[in-house]
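Next up: a single chain in structure tokens, the form predicted on its own.
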Amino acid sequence: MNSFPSLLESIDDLSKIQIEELLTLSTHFLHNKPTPGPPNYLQPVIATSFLENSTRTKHSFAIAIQRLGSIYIDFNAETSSLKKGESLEETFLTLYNQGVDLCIFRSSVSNQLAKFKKSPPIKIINGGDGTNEHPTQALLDLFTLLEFSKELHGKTIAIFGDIIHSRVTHSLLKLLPHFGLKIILCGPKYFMPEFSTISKDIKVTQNRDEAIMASDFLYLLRIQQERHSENQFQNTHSNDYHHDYGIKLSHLKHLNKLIPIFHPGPANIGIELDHELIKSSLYQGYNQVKNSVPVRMAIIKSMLSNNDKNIGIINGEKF
């Protein structure tokens, strides 16, 4: 995929054609696991650099890298020169000149990668940055939705929970309309972004049952306690989120609305959903985890093969 970007920071970096090509390649990898050849010095070298905790994203990238036959390096930022004051740009350039071909980067700070768009110091995939975006999670969510329902046009997905702090939601809001999905955002007002930032095509409600009954899919988010102030914690508990917005299997049965439930993880049982639901056939979270590897293989493969010769050039000079 020659036109694939060398820095995937946002869903906006991809055209619909590129997204569709990724979905096709992901399907290939899902059903046809490559058999890596013997080690050689020309194997791509790929590093993960996670400045924020992760289980699903980091490990699925590590598996994807190794299934593609690449060399995997876990770059530990806590013991790196970043702790000595080295800039992120210098760190990326150092990795590039050591022979690293691609870096998957995660940070608790939003928009750190945007400044590298014109001249990437190294090929970079955004593994989630602050509350900005998580494009690879959104892409694997789309892949899983299409696996469940081949035609998404005209259907509705309700996203429940901590919308304002959810980077994957910010990516999904850009991605899903490309495929004709209508979106409902549901949750307490203090979890919602400013209405001026929400597209007029997206419905917002504080009524859980209204959102459920109008939807074909539900997408649940955890409350990101690490991004809230203490007062917001108190609001969350005093309003009893599970009672007002949690999704329970018994309640779905009562509404006669047994629809698939998606969750990017980690799921907090007893808050956004109950134990019976996560153990039911409605829960698609484990299919999302399963699909995370082939989708991320497709993204890595597309970026590595884009023939970009301008990596490592800063201020017009090749490093």
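Numbering starts at 1 and follows the sequence shown. What you see is a predicted model; the values in this text were computed from it and never measured.
Although not depicted, the form predicted together with a small molecule is the subject of the following passage.
Asker: Spell out, yes or no, whether the shortest heavy atom distance between N126 and the small molecule in the predicted complex is within 4.5 Å.
Answerer: Close contact is absent here: in the predicted complex, N126 is far from the small molecule, nothing within 4.5 Å, heavy atoms only.
Asker: Should P266 be classed as touching the small molecule in the predicted complex when contacts are defined as heavy atoms within 4.5 Å?
Answerer: Flag for P266 set to yes.
Asker: Taking any heavy atom pair closer than or equal to 4.5 Å as contact, tell me whether T169 reaches the small molecule in the predicted complex.
Answerer: Result no; T169 lies far from the small molecule in the predicted complex.
Asker: Considering non-hydrogen atoms and a 4.5 Å limit, does the small molecule approach K290 in the predicted complex?
Answerer: Although the small molecule is absent here, K290 would stay clear of it in the predicted complex, with no heavy atoms inside 4.5 Å.
Asker: May I ask you to choose, among T57, Q284, S70, T48, the residue with a heavy atom within 4.5 Å of the small molecule in the predicted complex?
Answerer: Checking each option against the small molecule in the predicted complex, the one that comes within 4.5 Å is T57.
Asker: Quick one: from K182, R106, R208, H165, grab the residue that has a heavy atom within 4.5 Å of the small molecule in the predicted complex.
Answerer: Exactly one listed residue reaches within 4.5 Å, namely R106.
Asker: Only one of these stretches, 38-46, 257-265, 270-278, 23-31, has heavy atoms within 4.5 Å of the small molecule in the predicted complex; which one is it?
Answerer: Among the candidates, contact is made by 257-265.
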